[in-house]
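Just the one chain here, the form predicted alone, laid out as structure tokens.
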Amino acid sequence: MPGQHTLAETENQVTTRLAGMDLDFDAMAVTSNLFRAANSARNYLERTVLARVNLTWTAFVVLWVAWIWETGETREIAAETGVSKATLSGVLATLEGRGLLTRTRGKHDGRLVVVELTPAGKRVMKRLFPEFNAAEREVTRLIAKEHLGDAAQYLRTITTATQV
């Protein structure tokens, strides 16, 4: 049944289907497993921690960026979160409607929009993040503790290699 194949079945099928082609199978495995892992982790975190506070992944990442940097222009937040300005606008409207952040016009350039968490937004993040981090520990539990730093560095390296 489509969508019901295990990771091992999928990788075996790919190897069979692409046999004889001059390809870098290791690079393909890293890239495809990175995609699978990112989606799987995101879905897990949305279904568990974020669902309890009625946040999507994108809304959480927007709150996270605003919490870490304290204020930010929408163009910076869009770049940091990897979403389009149109998507960001909808997410910001929802979060603003929930009283978690504010949007104001830039002091020196009225075309710019500055985002800042409200006290309620800061409380949500301060309360939520330890739960989120516990779920991150769950996501990475099968990686030996002494290898977590290396895994993080490999992912940073991929991120650096793909930034244009």
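All values reported here derive from a predicted model rather than from experimental measurement. One rule holds for the numbers: they count along the sequence shown, beginning at 1.
The discussion below concerns the form predicted together with the DNA, not included here.
Among the residues E70, D109, E138, E131, the one placing a heavy atom within 4.5 Å of the DNA in the model of the complex is D109. With the partner removed from view, the residue among A66, V49, A59, L100 that has a non-hydrogen atom within 4.5 Å of the DNA in the model of the complex turns out to be A59. Looking at N43, you'd find a heavy atom of it within 4.5 angstroms of the DNA in the model of the complex.
Looking at R123, you'd find every heavy atom of it more than 4.5 angstroms from the DNA in the model of the complex. Contact check for R105: a non-hydrogen atom falls within 4.5 Å of the DNA in the model of the complex. In the model of the complex, the DNA stays beyond 4.5 Å of every heavy atom belonging to T31. Of all the residues from 82-97, those having a non-hydrogen atom no more than 4.5 Å from the DNA in the model of the complex are G82, V83, S84, K85, A86, T87, S89, G90, V91, T94.
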